[in-house]
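Below you will find one chain, with nothing else, as structure tokens; this is the form predicted on its own, and questions on how it binds or moves follow later.
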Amino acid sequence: MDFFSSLLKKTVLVNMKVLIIGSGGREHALAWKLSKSSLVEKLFIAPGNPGTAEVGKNVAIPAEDIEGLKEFAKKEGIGLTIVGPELPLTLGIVDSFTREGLRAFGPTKRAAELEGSKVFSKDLMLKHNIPTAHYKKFDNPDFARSYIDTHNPPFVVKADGLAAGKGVVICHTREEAYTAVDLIMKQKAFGVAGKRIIVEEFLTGEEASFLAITDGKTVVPLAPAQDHKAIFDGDKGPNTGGMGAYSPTPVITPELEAEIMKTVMIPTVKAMELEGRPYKGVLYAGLMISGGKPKVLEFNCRFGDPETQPILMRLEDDLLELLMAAIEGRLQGVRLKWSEKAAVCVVMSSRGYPGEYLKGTEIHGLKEAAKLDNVVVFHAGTALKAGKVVTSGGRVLGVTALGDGIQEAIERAYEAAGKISWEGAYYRRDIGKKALK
């Protein structure tokens, strides 16, 4: 059944005001896509960035200021609020908006614990037979060290709570695992997120990101993508929030997509309902694919960043209609239409990220890059200073391109990235190369 026929037979959407919460590349991509919808009357982004200001109106309210955002939504008559980052979701922004009769896209506070607590997530998967790595949970560093003493490396040590994508440490030796435990639990590198940890087996294979939209009953898959977490080429160095992504990904065949839906996505939505935490919004599974079988590395409860950038470049349907169908429980029968083209996103970061890095450096070449066909430069960590666009974060830009196949998309994205410069600009040179194998 065609997406639009299944949807429009059941509802007539009027033009509405839309609010996007967040300020990163994901939020710029959402704003860019929604700005193309004929159903959007006015688009606000809080707090936004210089890129979102080109497609909507920025509002100077922080993403965590739930009361401020709620009052703004009421005053402006916002028809739909889309929550980008995980923190406001775990703080209960959807619950707060819903109590005021405001529509917000995303899971409730209790449902967002699927990302907010790795302990909750792993326990849920174990209980409901959702494939994942073997693990142990600890709230005492000495007990964690004793466990490491009696098991063979490699290990993966994870902070329980939110750590901006950086709370996962891959440890090839026991000594590295001891150091990771101390870093998270004793030195409190990630604050309260490290009060509890997971020590789990190291899975081998190929990583992929699988995102879906769910109304709590029906699960509609988005185009699969592959993220590149490590800072350096060849997946070396510490993990980041993501240094690039591409879609589609050859590792997820139609057969494997069906397997992921059957063994991971649908069972997880059903499990959350059984636990009294009905899940609506984006369900994002970070997967390890080995021997044609998926295992869950982690769940996220929002659009991925940078996966959203190439995914939305390929989506041919109206994003507002899709999100409203999810909120109103109308996803049954929906099939999405995707461009045959491939999309590649290269993240340009500040040198030193994910550690210390400089801010406030002027960025050159944005207009030149934007002139290229089938290229969009999504702003992530940028700000305006004296009328000039400057760096303000670790991940600064997501240079995203469409092409006839992965090779052409890679070439176009790197051509665009090559036109952009600032002091200390850095990006990986191998984004998408796995797909060429």
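Don't overthink the numbering: it's just position in the shown sequence, from 1. Quantities reported herein were computed from a predicted structural model and do not represent experimental measurements.
Keep in mind that the form predicted in complex with adenosine monophosphate (AMP) is missing from the display, and what follows is about it.
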With the partner left out here, check for me: in the model of the complex, does some heavy atom of K280 sit within 4.5 Å of adenosine monophosphate (AMP)?
no
At 4.5 Å between heavy atoms, is E200 in contact with adenosine monophosphate (AMP) in the model of the complex?
yes
May I ask you to check whether K137 falls inside a 4.5 Å heavy atom distance of adenosine monophosphate (AMP) in the model of the complex?
no
4.5 Å heavy atom contact, N239 to adenosine monophosphate (AMP) in the model of the complex:
yes
Determine which one of 141 to 149, 182 to 190, 327 to 335, 203 to 211 lies within 4.5 Å of adenosine monophosphate (AMP) in the model of the complex, judging by heavy atom distances; exactly one does.
203 to 211
Contact with adenosine monophosphate (AMP) in the model of the complex, heavy atom within 4.5 Å, among L322, L366, V220, A133 goes to A133
Answer with one of V251, V119, L297, A271: the residue that has a non-hydrogen atom within 4.5 Å of adenosine monophosphate (AMP) in the model of the complex.
L297
Counting only non-hydrogen atoms and a 4.5 Å threshold, tell me whether A225, K341 and R412 all contact adenosine monophosphate (AMP) in the model of the complex.
no
Between 154 to 178 and adenosine monophosphate (AMP) in the model of the complex, list the residues on our side with a heavy atom within 4.5 Å.
V156, K158, V168, I170
